[in-house]
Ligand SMILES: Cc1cc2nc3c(=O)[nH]c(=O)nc-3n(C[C@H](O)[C@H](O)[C@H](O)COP(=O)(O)OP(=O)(O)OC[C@H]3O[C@@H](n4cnc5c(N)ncnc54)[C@H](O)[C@@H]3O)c2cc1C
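Only one chain is shown below, in structure tokens, and it's the form predicted on its own.
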């Protein structure tokens, strides 16, 4: 139900939401970034497709998502004859969303097939995640099975035998819903959780296949046709080194069900329309993927791409949260003004805008790096090693805050299920749990620095972006950022030099600071382009605000940042209108008074 249609011209102003908006056309920041990363030809070819998805996301997909959430899947254990079938039934709304994602827009096929959606040759990585970003603004849950299907095809293509590739990849990447097989990864066990080394599911070699025995505790997309799972072969060593990677087909060659039981579906806080279950494997027939001694490393390739996908989805949720708050605040009246005109609401909306633009820039830039890494670039492979856990750790956690702020901006209405906010909050909370919790990701970043030695690549990449134009304000900003860069690099080096618990304790703080440095460097790079091409200081103003909010001391001197700059330029920021240099100059005057 669209509550907006029920309350028109009321005394407190119009109760507005985003229904009917085109999520692509409304997002000028997104458009600008795509123009930067894509060739002119690719952008023009993609524009009508993205506009079509943006329109669907702003209406049909959003409605389907809300209906399917209220009609979660059902597990049917037995058929009429009393035979065990463990079938999962989905509501028609969910099936229609599958058609939109897998078939109409080919959001899995685009990573693996040629000529998808009229694009000759390979589909650009940045553009792939652009589609996922738009889709996620209305439907987060389905993108989990889609991501795992995409990743399963990637892992099979990279590590499996030619026979296995020929058998499974065409099915996993089909745009024909009658031919499509969906994928999953079954990794978590009840006794281990994030400690995968504690996994106990065993694998026994029997002829040309393996038989798996044990239990998996979290199996998202429990109805998958193909699952990749970790298990420990007989006589294999303890720890992650002893885990092999296996492919589990849902059905055997004779058409009968494989030997495993779906015990129950999880009663989840969010993503309720996507089936997650507990599964017992009882001599389940499976086939090894790649080197049986490198199963964990091979599975982590699947996890790494899923982490970027999760970050993209959370960036989409952050964008939707900002847009919902903005629309509501522009329609609602209080204390004689529109909410959007009140200073503290302006501050709230600006914070949401800043979160959205930096998160979107970060995931699209990382998608570009992912593309280069896949082509063999050692520098980009090193960068990707730290960027995927860093983005997953920060953006997915930040989405919790952004969705909650958007809910509060709508007041009591935001807490009511008629509006989308509660759904966004639920989905955001899962984003930072899937594919590694915040703590696990922070520790992974430490390993990236200490074991994989990616620190120099990371800090050199950022330093390259901090080069100023000839513009005086750009130079002043670059000076501030260079000082921040040096300080955080020294902090990272100090943390890495520590041992044991002393090193682990500040890991999350370090991860957050690394993200902020990465994000602000992208803002600054975009600001220089904007100054040169449009003579606008919009992005430089955002850069200065970001420096103030995340890098400067939070002492009493911060009250100096109390001028009218934000109130004066906010509508220009929202509407993507040029911001004059004097607005940035005044703010930088205040910022430079604070100590770094």
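Nothing here was measured: the structure is a model prediction, and the numbers come from that model. Residue numbers count along the first chain shown, from 1.
The same protein also exists as the form predicted together with the ligand; that form is not shown, yet it is the one meant from here on.
- Using a 4.5 Å heavy atom cutoff, 187, 220 and 435 all lie near the ligand in the predicted complex.
- In the predicted complex, the ligand lies farther than 4.5 Å from every heavy atom of residue 474.
- Using a 4.5 angstroms threshold between heavy atoms, residue 212 stays clear of the ligand in the predicted complex.
- Contact annotation: residue 439 falls within 4.5 Å of the ligand in the predicted complex, judged by heavy atom distances.
- With a 4.5 Å cutoff on heavy atoms, residue 110 does not count as touching the ligand in the predicted complex; it lies far away.
- Residues within 4.5 angstroms of the ligand in the predicted complex, judged by any non-hydrogen atom, belong to 439-447 and to none of the other stretches in 439-447, 477-485, 77-85, 127-135.
- Put simply, of 467, 259, 171, 268 only one has a heavy atom within 4.5 Å of the ligand in the predicted complex, and it is 268.
- Residue in contact with the ligand in the predicted complex (any heavy atom within 4.5 Å), chosen from 326, 430, 407, 382: 430.
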